[in-house]
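There is one chain below, alone, in structure tokens, taken in the form predicted alone.
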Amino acid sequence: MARLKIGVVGAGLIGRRHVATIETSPEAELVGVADTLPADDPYVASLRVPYFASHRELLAAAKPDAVVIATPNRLHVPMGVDCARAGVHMIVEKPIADTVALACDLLREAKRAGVRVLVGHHRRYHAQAQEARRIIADGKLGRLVGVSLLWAARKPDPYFDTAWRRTAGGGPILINLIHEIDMLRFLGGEIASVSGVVSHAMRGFEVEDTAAAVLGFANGALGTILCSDAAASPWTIEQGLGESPNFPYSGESAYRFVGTAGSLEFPVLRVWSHRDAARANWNEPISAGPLKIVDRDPFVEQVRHLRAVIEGSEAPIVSGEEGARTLAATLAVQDSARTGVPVGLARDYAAIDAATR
């Protein structure tokens, strides 16, 4: 197949990352960008491809094979539906939708049209994430007992000059924690229930600045989460991976997976185990062996994978259904915090399954 023709809708921070990735990809060709920026904007003027005022204009004129939707969340579903009806495959940035019901609407349209939907949980494409998944799946930790996640970073004050970041939906749950919940699902297995609490105490905004949750996994493991964008720390996956120059590298792990035979720090990939697995107990010494993994750019890998999925040579790593399940588990943190009771996810998962059948 010839290079995949891709358009990008949304020229914000993440959209521009997609544009730069596609421009240099041997797998794809950038055929257009759509946004509401004025035509004389410096970024628009720098583009080497046609610029469109709407996604519909891009679909009609550029005739892409696939589109990356990197717009505000509320636009993901209506734009995705238009792409599906035009027979265009897509990567939808996270979250796939504002609600599980809307995500199901998009999944049904994509199924009806026979188009592929991937969701932009790009960290699944990191080599470290793939290796951690193998370590756990191969039983090197024994049976998974639990996982703890600490994501804490202090966002600079000017970050909140943009009004939507101070209101509901603009906090760390849907911006940051959703990535971590997706990684927990990818590595630890399906999440069955969520109990959550939130706090607004540090900034006093309408939106939360800190959230905590207890997770029940379908495999019997338990998990704990603390997520805050008001606390300074080296413990974020961004800093641990060094995936972006905007997050200085710390080399620290934000996750700890513990099992009956050993434990794993992630993303550093330090595996702790007893010398004699048959005598694994607290009276025996335990030691760690770090694994050296050469990472790859997850955005580059995402484009390569999109082409492979469309060609049918690879199964989706993060399908629309996967993105919808991650959304359900993330929204459950907010729902539980609001109601004060644990939230089971079986009903949402059944609705998602029905939308893809």
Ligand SMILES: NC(=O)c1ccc[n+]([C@@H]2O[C@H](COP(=O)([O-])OP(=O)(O)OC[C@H]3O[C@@H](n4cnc5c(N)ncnc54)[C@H](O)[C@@H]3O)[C@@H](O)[C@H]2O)c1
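Note that this is a predicted model, so its numbers are computed, not measured. The numbering used is simple: start at 1 and walk along the sequence shown.
Heads up, the form predicted in complex with the named molecule isn't pictured, but that's what we're talking about next.
Contact with the named molecule in the model of the complex, defined as any heavy atom within 4.5 Å, is confined among 103-111, 88-96, 216-224, 142-150 to 88-96.
Residue-level contacts in the model of the complex: of Pro156, Pro248, Gly251, Pro72, one residue has a heavy atom within 4.5 Å of the named molecule, and it is Pro72. Residue Gly120 is the only one of Gly259, Gly240, Pro172, Gly120 with a heavy atom lying within 4.5 Å of the named molecule in the model of the complex.
Contact check for Pro342: no non-hydrogen atom falls within 4.5 Å of the named molecule in the model of the complex. When the named molecule is considered in the model of the complex, Thr36 lines it closely, a heavy atom lying within 4.5 Å. The named molecule is not shown here, but in the model of the complex it comes within 4.5 Å of a heavy atom of Leu13. Remark: Met79 counts among the residues lining the named molecule in the model of the complex, judged by a heavy atom distance of 4.5 Å or less.
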